[in-house]
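Let's start with one chain on its own, the form predicted alone, as structure tokens.
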């Protein structure tokens, strides 16, 4: 398969539903660009924390955000993300960033600033005549309400916790206590993201729901690719 046009696919869903791996796989298979908007909010959080700012102080967070230059790669094989000239692809996944990103991403000015950048990335793909897969929590509802295809990924909370715990396990194995702690962290993140006033996590009315609980990664990618083919017709 290859993307012969400027198809735009918006993929939303909670943490651990498989968004990043699925979206990158779909983009590779269809020859499309890929944009991880969550990584952009994490990069902004790295900048805020580096400045020593209290993430609950919206004015201070916005002051940092206005001076922060974020560049997000769109190669699904190696997307990368930079603060100025510094590659922060690894540091954005740290526990301190994970704990603070919801607060930073809830600041209206931060969202407006990053949504503008996200839309410019999509327009750049369209101008180049290629498609793009964009993942996040408000893509189909806020960032790209006119996307050609909207997908909302879901999975059983326990499975989501196991997946996220495995991602974060340095030892490569899981202990029940670690999974339980991850489950609780995801529950709080879901509640925060779904309940925030600005751009809450919610399924777009016209989004196609894909439950990844009992599917392998290749199966999910195939399913989303099939939806993409249908969206072209």
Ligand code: DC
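Quantities reported herein were computed from a predicted structural model and do not represent experimental measurements. Numbering follows the first chain given and starts at 1.
Unshown form predicted in complex with the named molecule; subsequent notes refer to it.
The named molecule in the predicted complex comes within 4.5 Å of no heavy atom belonging to residue 29. Put simply, residue 193 is close to the named molecule in the predicted complex: some heavy atom of it is within 4.5 Å. Contact check for residue 149: every heavy atom lies farther than 4.5 Å from the named molecule in the predicted complex. Using a 4.5 angstroms threshold between heavy atoms, residue 37 counts as touching the named molecule in the predicted complex.
Residues placing heavy atoms within 4.5 Å of the named molecule in the predicted complex fall in a single listed stretch, namely 133-141, out of 67-75, 81-89, 149-157, 133-141. Residues of 92-108 lying near the named molecule in the predicted complex, listed in sequence order, are 93, 101, 102, 105, the criterion being any heavy atom within 4.5 Å.
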